[in-house]
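In the structure tokens that follow, the same protein chain appears in two forms, which are kept apart as structure 1 and structure 2.
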Structure 1
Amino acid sequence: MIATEKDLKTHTMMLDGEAVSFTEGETIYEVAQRVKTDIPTLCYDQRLEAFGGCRLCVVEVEGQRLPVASCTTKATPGMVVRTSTATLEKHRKTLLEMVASENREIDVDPLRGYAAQELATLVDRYDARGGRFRGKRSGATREDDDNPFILRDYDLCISCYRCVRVCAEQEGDHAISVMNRGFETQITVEFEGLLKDSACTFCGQCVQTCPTGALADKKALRFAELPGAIEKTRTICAYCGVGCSVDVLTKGDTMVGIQPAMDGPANHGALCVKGQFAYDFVQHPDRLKTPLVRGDDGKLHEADWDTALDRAAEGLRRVVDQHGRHAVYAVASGRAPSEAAYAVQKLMRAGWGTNHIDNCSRA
């Protein structure tokens, strides 16, 4: 929601001693985000309705006895809020120690997912490793789910419900649900079965929102041992016309995964199974690596570019010489970038002055 300047001036509140303006309906957390005041969160995902489950984002509000969750509490005019006090910081540290002590692993591979490092980052920031509750665990990993995309490593689950909510709110699929309560809480699917037999569409959204790596990208993890830093390149999905923004993850010259771009104008972080997981055709061994030219034996043979391009051009020249300029036709691709389509149509028009050009939208 883009608020105009005028709206923003409507109300004022005090945030850590500074007067800040806000629009009606904004939560304390949203206001803080906007003015770049950092409040730690675990169960928050900006795309989802605030849930108020982890209590890490609590802040003090003057006149209120207990701290409130900033992600669910709306800002009100004249409110005086402190986001960071000794009491709050101590509370956050204790919370994180509790959460951390239940998990087998805090430092998970970043290939697990977009948000997988959130817990580790917070635990470090609050120096909350090695809490008192070490040893006990919540959740049980589903090693039996042999689906090739999503690792269900519930040992690492902290019951933030982000996966459940993203599935319901963002995807509208409602494949994941919650069983039991408290320490026994378990994220599961219908009838506790395999994802494949549930309403799951393997869009990967739960993987990308999970703050601990409990749900993880199995395909990307194939490259966990590959040396090299992960680099991200912002681009657009190769499949349908929606045009979702994604980041391609690479290590050196190997494509190791895809993550959704949360600020993608067409998708706001959403993806589908193709955009999320069907990228490895790019580096498949079947790719054509050299030009091929049909020989006198009727077979295609490898050739260098000069030979192949000469043959391509020569064949066209011969046909035009014998049958005229209208004997050549070109079909541009609906998959390749626009520069390719533009070049093909220019070849036909600037080259032979014909409109013998179409693209593959009719099939």
Structure 2
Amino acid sequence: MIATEKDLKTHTMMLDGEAVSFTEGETIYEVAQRVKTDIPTLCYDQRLEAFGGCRLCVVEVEGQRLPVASCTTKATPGMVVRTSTATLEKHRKTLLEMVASENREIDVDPLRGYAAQELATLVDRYDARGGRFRGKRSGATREDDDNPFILRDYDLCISCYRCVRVCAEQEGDHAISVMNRGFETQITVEFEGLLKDSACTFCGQCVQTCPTGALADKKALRFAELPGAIEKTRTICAYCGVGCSVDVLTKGDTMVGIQPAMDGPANHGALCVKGQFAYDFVQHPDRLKTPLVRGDDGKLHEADWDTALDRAAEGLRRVVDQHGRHAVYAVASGRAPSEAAYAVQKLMRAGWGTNHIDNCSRA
């Protein structure tokens, strides 16, 4: 039997001096997020099982000797929680200084991935760029991995394990794993090999959850030096019938990348390799930019849109007149936006009175 919202018991706790309600099973962090109380974290992804590894989200609970990780601690009735005290803020700044001390750089290009700015944002928030813990670095970047999609820049890795967990829990691939312990900890794939020789499907989820850009979008980074601000446009991936929500990244008139929509109702931040990386056709140099119409000589010649559309309409009308409305059909392209797919089916159903329409993306 599935519990409904009415079945869940509601309780009350104190959060930073305010009484807030919660339902059984919620963690302190989830309660805080719901009431817009900001608690910093680097290892948390709402799609994943809470891990409690970064320790930035620790809070003080009355009656507890030591702070507890808010992302893994369940809220209990009457609990009194403080999320931001002088002691906690000092603890968080020290942790961030230690994390930042190992990284080659903190400020990375936002084209690396959806969450790539998280570490830099927190370091600036806590003024943790002092470098007092600077020393030996543990990361080992895989420059030899020549796959065309994912950059494995482990000099920026902080061992939050979000990539490992999203690969296992969301994608079910278990392609990414952890080897060694302590300072020698490394993110790797089986037998320390290359991604293309692993179980990786190049869905890009590891890239989009990485909070430092250690795993980065190689294709998007091709446009790192292109001037202009990055703009995001929400649309729907048309490669298949799932209807994943995506944000198209552009600089001016140039498409520079794609990121999954974390709030997409169909995908919740997930994409397949096509939805994530297969967009080069949009501005490929061989892509037709002008309609072609076959002339009396049997060859294709450039024409304007009015001429091309008139020729197409004439041909369709001739077929319908001779053989009936069911003699025409349309196949929409999976590389066209969903708006174009809608227009094609509308043309066939409302314009020609036939349901003979298919799409190469329906499988």
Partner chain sequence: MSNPLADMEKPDVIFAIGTNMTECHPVAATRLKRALKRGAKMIVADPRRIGLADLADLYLPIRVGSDVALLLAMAHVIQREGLVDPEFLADRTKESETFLEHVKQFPPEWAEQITGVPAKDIETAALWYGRADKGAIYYTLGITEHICGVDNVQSLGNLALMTGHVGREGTGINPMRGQNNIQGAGDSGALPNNYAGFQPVTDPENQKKFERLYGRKTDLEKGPTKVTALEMAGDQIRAMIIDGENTVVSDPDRHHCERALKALDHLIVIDLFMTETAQLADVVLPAAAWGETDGVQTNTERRVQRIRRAVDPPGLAKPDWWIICEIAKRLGFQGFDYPSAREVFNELCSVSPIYFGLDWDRIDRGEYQWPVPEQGHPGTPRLHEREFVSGRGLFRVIEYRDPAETISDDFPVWLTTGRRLASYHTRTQTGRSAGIDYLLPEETLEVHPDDVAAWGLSDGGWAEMSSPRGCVTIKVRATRRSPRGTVFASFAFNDTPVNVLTGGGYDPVTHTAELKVCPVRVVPA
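Structure 1's sequence is the ruler for residue numbers, which start at 1. Keep in mind it's a predicted model, so treat the numbers as computed, not measured. We call the rigid core the largest set of C-alpha positions that still match within 1.5 Å between the two forms.
Enquirer: Deciding between structure 1 and structure 2, tell me which is the form predicted in complex with its partner chain.
Expert: Note: form predicted in complex with its partner chain is structure 1; the other is not.
Enquirer: Classify Asp38 as shifted (yes) or not shifted (no) between the two structures, where shifted means its C-alpha moves by 2 Å or more with the rigid core superposed.
Expert: Result for Asp38: no, shift under 2 Å.
Enquirer: 2 Å or more on the CA of Glu339 between the two structures, with the rigid core superposed, yes or no?
Expert: Moves: yes, 2 Å or greater.
Enquirer: Take the rigid core as the frame of reference and indicate whether the C-alpha of Ala350 shifts by 2 Å or more between the two structures.
Expert: Moves: yes, 2 Å or greater.
Enquirer: Superpose on the rigid core and then read off how far the CA of Leu316 has moved between the two structures, in Å.
Expert: Taking the core as reference, the C-alpha of Leu316 is shifted 5.6 Å.
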